[in-house]
Every structure is written in structure tokens, then in C-alpha cells.
Ligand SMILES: Cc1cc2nc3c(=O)[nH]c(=O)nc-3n(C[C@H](O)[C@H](O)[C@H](O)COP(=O)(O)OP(=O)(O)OC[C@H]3O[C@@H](n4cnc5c(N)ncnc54)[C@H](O)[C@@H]3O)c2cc1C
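Quick heads-up: it's one chain on its own, the form predicted on its own, in C-alpha cells.
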């Protein structure tokens, strides 16, 4: 396979870069070892930062967040719930930080408005009665999955190719240039060789590992953050703790739920990224000081992501590290056609893609301006099913009840799953449960896949997508991924329900007795 640009990584930056380059007439291939947003782009709050979080510690990043947030509101409104936000201090918080906050916002150009505590509690009744100060800011929530899927979909329409579940095995370097990139399918082991003119690593926390394949060292820190999903939406706005960034100090509404986080744990390697019970407890304890009901509400799952931070060494607390991004032209390291973009934030992904595309085009001799700064992101019908509440609305409007429901918690009907299957097949021949879950609300409700995983799996057998015991393996894989997030938040009735689900999955389907075949082509 030959291409002008190979992009390694299918997160927000990689897919945004693919669209930017495609709009400039540069064809590219995106290779991802998992699926879209498998890394930090899918393991965050879904918060479109106003910039206020960084006004004291990182004013440059604060200004970037403000500028990019305003652009995204205009260019991709279908991905954004423009909730607004509050910063709230409670008794015992640093009052000198409270006093300095409006001045730091003004210096960074981040709008904020002081509101009385009574007004803040009227706006958000769940705020602690012990609040002592509040400011209103322009935070919002953003759907990172729809954002990346629509960027990729538009890039695909313009000639981009997407290869998922393939990791970079090696670079063949000759004469100071990468001549060939060998990709290997993570499940089948099949090899794909790509001959690019230029390689961009947009692999997030894995950027240092990819660079090592070319003999290049990038100084990076890995900061794991754990987040919790509540059973219900607990606020209409984003609620932030008004203090220097800490654990459990941001609550973001996301459709029918809210997301609380996050912790910051230094990792030395990327082998084991999962939430722990200790991190869950820490988030709940800290969050309850800001919103007391967080101490008693039901959480349906936890998840974790890794922030890729530029730098090395430092103290034990990575919260002081810059949230800026790094763009590396590895010509200075002796590899002429290799570039790395890493660090940054979801809010600034478009800017990161623009700066990278500028460098790529300069190196390729392409004289075409960036269009993502002014051209709206097209709505792609097959990418919209991640929106909470959309499936039941469409189901009630279209079918009158004749379209069977496969996911009762989120009311996802058979026709929606079929539509997603059709979209997946344009990228991969054997889409399976995890791909459907990523592109919809399947498995995201109260049962966390316990029932809908089996129903959707049975539907895939009916449709011929599964035709062997490998389909059961894919069902087990889907359920195991959901249980990884449930395990740290189980107690009381939830624990009993989890045991019932385990008995059902093992007793009815025998999922605990399956062996993975050595080479498996049964779905991705």
C-alpha cells in the first residue's frame, strides 16, 4: 500500500489531522492499534474547556482552550452540549486562590462572571450548602466519539483510508528515511506493509514507544486519570471546584449521566490502564465536598485514560505539568520523513492537527491553506448514534414499535444496530460488538451490557456476522471490557446484580469455558 502520509493513531488528533490533510488534497492512511478513540481521546471527561481550569497554572493553554472552544461551537455544534459551567469554592478552600481567580481569567482572556452563592445554588441545587464563592464560565460538554468518527468519516469521503486493530511492528529505514512501515493485526497477526512519503505519529501516550522504533527518544510522562459515571445526570452545567487542580474536582454532564473525575497517578509503563477502587474512593470523597450527593449516588462504571505529558522527571504530582502540545520534526534526529504530535487536550485537537498539517504540507511541497478553521464539520448520519436519547426518539418516530429493541436501558433498536453495521463494513469486513458499542449507546446503560450484549450478539448471529463459536468470544470480550469498569464501583445491590449477570453468562452461554483460537478472523 502506498500513500502520501501515514498517520499512526485514530484519536481526536489523528482523525482531525486526516480531515485537515484530506481537505488540502493530501491523501492519507490512518492506522490504529485499537479502534477510534482507544486512548486518551476516549478516556476523558468529555469537557470542552473554557480555559478557566488553567488560568493560574498554564495561561497559554488556557488561552488556546478559549479560542478553540469558541471555534468548535461554530464548526461542530452537533458534537457539543453548550451547558455553561461554574467554578465553586467550599469552606476550607484556599481563599487567596478564590481572590486571584477573576484576575487570572482576565489576564488569559477567559470570560468569567462572579455570582452569589445563592444564585449559584439556584442554578445548580446540588452544590454544597457550604459553598463560599462561585464564578460562571463558558465550559461545555463534547461527545469525543462523534467528533472523531465524523472527522474520520469526512476524511474517508475525501479519499482517506482507515485501518484499525493494526499496531506498528517496525519501520524500515534507509538513507535517513522511513521507506516502509510494517503493520500487524493485533488478533490475526496478518502483516500489512505501507510505503508512505511521510509518517506522522499521533499516538498520544504511545508516542515515545512509536518513536523508539525509529531510534528516537521523546521525553514524556504518563499520568493516569480515573473517572466515574453516575446513574443519572446530576447537574445541567459543568461544576468545577474553585481551587488548584486536584482529584474529583470536575463534574461534567453528558446526556443522561454525569462524569466525575479525575485522579492523577504517575505510570511508568502503559501495560495496565484500569481504574482502581482507591481512585474511585478518592474521587467520591473529594467530589462530595463540592456536590454532597456524589457521596451517596449510584455509579454505573469507572474508566481510566492516560494523559500524555511533555517532559520528564519532576515531582510526584503531574498536575503542574504543561497541558500544551509538542510537535516534533524528526529530521533533526536524522529521520527526514517522520513527525510526532503529542500532549495537548481534547479541546485543542483541531489546532494540533492544523499545526501538524502545516508542517506536513511544507515537507511535501503542498501549498494549500488549512480549511478546518472555517469549514464546518459535516454531520454524518451513521456517526450520530453516540448521542444519548437519539435512538429512542428515532425509534418512536420511525417504527411505531415494530422495530425490536436490543438495548432496553438506552432503547437501541435493531435498525440502529443494522445502520451501524453498514457503516462499520465500509471500514472493516467483520465488525463486532465492541465496534458497535463504541458507535452507539449499546452497553452504556444501567445493565452495562449484561442483557443487551447477549441480545446484540444473538442478532449478529441472525445476520450472519457471527457464524462460529468465535462470536461467543467476541461477546465475552465485550462483556469483559464493560466489567473492567464496573468492578471498582460494585457494592450492595449492584454486586448482587453483577453476580446474577455472571451466572447467566457462564451458565447459559458457557463463556468461562471458551478458548481463543491461535488465529482469529471472527470480528474486530
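Since this is a predicted model, take the numbers as computed values, not measurements. Numbering follows the first chain given and starts at 1.
There is another form of the same protein, the form predicted together with this ligand; it is not shown, and what comes next is about it.
Engineer: Is residue 61 a contact residue for this ligand in the predicted complex, using a 4.5 Å heavy atom cut-off?
Structural biologist: So residue 61 does not count as contacting this ligand.
Engineer: Quick one: is residue 46 in contact with this ligand in the predicted complex, heavy atoms, 4.5 Å cut-off?
Structural biologist: Because a heavy atom of residue 46 falls inside 4.5 Å of this ligand in the predicted complex, the answer is yes.
Engineer: So, residue 432 and this ligand: in the predicted complex, are they within 4.5 Å at any heavy atom pair?
Structural biologist: It does not: once this ligand is placed as it appears in the predicted complex, residue 432 has no heavy atom within 4.5 Å of it.
Engineer: Although this ligand is absent from this view, report whether residue 38 comes within 4.5 Å of it in the predicted complex, heavy atoms only.
Structural biologist: Residue 38: contacts this ligand in the predicted complex.
Engineer: What I'd like checked is whether 83, 146 and 275 together line this ligand in the predicted complex, meaning each has a non-hydrogen atom within 4.5 Å of it.
Structural biologist: Answer is no for this spot.
Engineer: Among 149-157, 192-200, 90-98, 299-307, which stretch has residues whose heavy atoms lie within 4.5 Å of this ligand in the predicted complex?
Structural biologist: In short, 299-307.
Engineer: If you check 258, 372, 283, 347 against this ligand in the predicted complex, which one has a heavy atom within 4.5 Å?
Structural biologist: Only one listed residue qualifies here, and that residue is 347.
Engineer: Which of these residues, 225, 413, 253, 437, gets a heavy atom within 4.5 Å of this ligand in the predicted complex?
Structural biologist: Exactly one residue meets the criterion: 225.
Engineer: Going by this ligand in the predicted complex, which residues of 1-29 come within 4.5 Å of it through any heavy atom?
Structural biologist: Residues within 4.5 Å: 8, 9, 10, 11, 12, 13, 14.
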